[in-house]
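Just so you know, structure 1 and structure 2 below are the same protein chain in two forms, each on its own as structure tokens.
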Structure 1
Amino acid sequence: MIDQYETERCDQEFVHTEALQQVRNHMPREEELLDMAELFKVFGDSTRIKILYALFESELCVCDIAALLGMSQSAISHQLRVIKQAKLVKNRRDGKTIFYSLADVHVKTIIGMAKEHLEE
């Protein structure tokens, strides 16, 4: 029995053209999809996740984060550069010290949703 969505045949299977058109109408542009993929790559490193978690609580300088995570300042600076390029953190200068904080509430939401998903 053919349902209302099965209208065209393609390689022995039915294509659901109405459903496909609905998906096409809501699919982001290729450039946006690539940007999203790049953003998710940033979350693919546990050190970067730890840094973001630390910044949930307080703005911190490189020295603070390095001490907290038991890593070199150089390693932390490298990771912060990656995170900052992804617009997940911002910084402010106070004299010679640069303090880092989350760029906006979306960062906390993304990580919170990932954690919630894993706990299901």
Structure 2
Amino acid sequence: MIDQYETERCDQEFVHTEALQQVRNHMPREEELLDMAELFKVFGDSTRIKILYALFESELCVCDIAALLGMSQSAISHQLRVIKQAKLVKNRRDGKTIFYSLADVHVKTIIGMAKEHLEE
């Protein structure tokens, strides 16, 4: 693949060639990087963060979450869909009600790390 910016590269490129080669060797493949960004996008919205935080404590139904956050049922349902597609939550049906709960052990850790970063 031809690099559009190959030519406009700074003159001192040869100075950091070695470092760049090291970086290239350790860079994950494109698809994996896109998947990571997609995953972080899910965490990158305060409504979704609130939903995940809520589910730390207990499984909840859609209307519970809507009431908790003071938002519409529809808005919450749309967001739960996003979170579920990222495999961060799972759900179960109980009659008319659908309960959501965390699906992954990493959610708490990821959010915990972010919290630590912010507390510095």
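Small disclaimer: the values here were computed from a predicted structure and weren't measured. Rigid core here is just the name for the largest C-alpha set that superposes within 1.5 Å across the two forms. All residue numbers here follow the sequence of structure 1, with the first residue given the number 1.
Taken from the form predicted on its own, structure 1 is distinct in origin from structure 2. After superposing the rigid core, the Cα of Arg81 is displaced by less than 2 Å between structure 1 and structure 2. Superposition of the core reveals a Cα shift of less than 2 Å for Lys41 between structure 1 and structure 2. With the core held fixed between structure 1 and structure 2, His106 has its Cα displaced by under 2 Å. Summarising the core-aligned comparison between structure 1 and structure 2, the C-alpha atom of His26 is found to shift 3.4 Å.
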